[in-house]
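One chain comes next, on its own, written out as structure tokens in the form predicted alone.
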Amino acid sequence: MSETTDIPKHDVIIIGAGPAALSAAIYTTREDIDTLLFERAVPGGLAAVTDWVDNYPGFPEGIAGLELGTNLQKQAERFGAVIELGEVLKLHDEGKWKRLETTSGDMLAKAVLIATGSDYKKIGVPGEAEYYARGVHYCATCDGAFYRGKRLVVVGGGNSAIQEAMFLTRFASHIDLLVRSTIKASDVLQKDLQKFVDEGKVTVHLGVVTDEIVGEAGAVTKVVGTQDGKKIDFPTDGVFVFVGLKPNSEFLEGSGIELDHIHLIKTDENLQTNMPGVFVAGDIRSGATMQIASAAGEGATAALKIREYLEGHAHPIQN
């Protein structure tokens, strides 16, 4: 593709605006590298919709996820990063330039950082899609306040399920926690959860398979599950599902970029993919530790590797 085209050009386009992406943008923009971020949801990523972050370095008392995400966004924008709400649909290698098909039209970049993170997994049962946002939710901090004094079901047994269930006790009158097998959350979280169990705020049901979400007149009324071969009804006003995350890598289909068996993106030791000039950081990278602190660190590392790549292949665009 000719460089004289009218398609907008950037030194770096970052796909995503979570901790990895924003950390990278802080580094690139401080060095006057023209940087555009595309975010299809909320700047700050999943960190921004996490109630409380207790393990991010530098905050001895912890910090609200929304505050952390907002602070990262403000810092990146202070140095000149531009965040555009929209979605990257396809990525193409055209030699010196990478062409991105986006909801704002085609764009060209000399380097690309993929930091799209993950999204919430669905359980795929009848009623889940039908009652989405009308009784079925995936973000306690977003929707928990709608259920003051109400009864809730939380599905899941990992760290996020336990954290979110405990958060929801601020609003709900009672929570039934449905765990498919056994609780896999950390020992610390399990001890914290036990306090709520002892207080009667949470009832844990182990070995329960969620079969169906049932409602009447457009509102959820119960969850049907199976435990020890028997069907059980769990009356509820709402359902929060926390059964893990899935990589946001669908847009790479047909791009030639290598993914692993669970669709995370493979990189080399420089965080570069098999497509030269395309780098990866954060939860979407194969081998990532799925922690906010490590995502931020990878973002910084990726930014430095991108700078090296630009210095070796092209001069940054002058604004």
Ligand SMILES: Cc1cc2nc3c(=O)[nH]c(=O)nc-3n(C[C@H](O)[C@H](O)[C@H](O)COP(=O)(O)OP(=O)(O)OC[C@H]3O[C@@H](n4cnc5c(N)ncnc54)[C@H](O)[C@@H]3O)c2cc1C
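Just count from 1 along the sequence shown to find any residue number. This is a predicted model, so every value here is computed, not measured.
Absent from the display: the form predicted together with this ligand. The rest refers to it.
- Shown alone, this chain has one stretch from 126 to 134, 170 to 178, 83 to 91, 105 to 113 that lies within 4.5 Å of this ligand in the model of the complex by heavy atoms: 83 to 91.
- Using a 4.5 angstroms threshold between heavy atoms, Leu46 counts as touching this ligand in the model of the complex.
- Using a 4.5 angstroms threshold between heavy atoms, Phe38 counts as touching this ligand in the model of the complex.
- This ligand in the model of the complex is not approached by Thr29, whose heavy atoms all lie more than 4.5 angstroms from it.
- Taking the partner from the other structure, this ligand in the model of the complex has no heavy atom within 4.5 Å of any heavy atom of Phe196.
- Within 4.5 Å of this ligand in the model of the complex, a heavy atom is found for all three of Ala20, Gly282 and Met290.
- This chain is drawn without this ligand; in the model of the complex, the residue among Val42, Ile257, Leu264, Ala64 with a heavy atom within 4.5 Å of it is Val42.
- Contact with this ligand in the model of the complex, judged by any heavy atom within 4.5 Å, is made by just one of Thr236, Gln163, Gln73, Thr210: Gln163.
- In this stretch, 129 to 149, not one residue has a heavy atom within 4.5 Å of this ligand in the model of the complex; the partner itself is omitted from this view.
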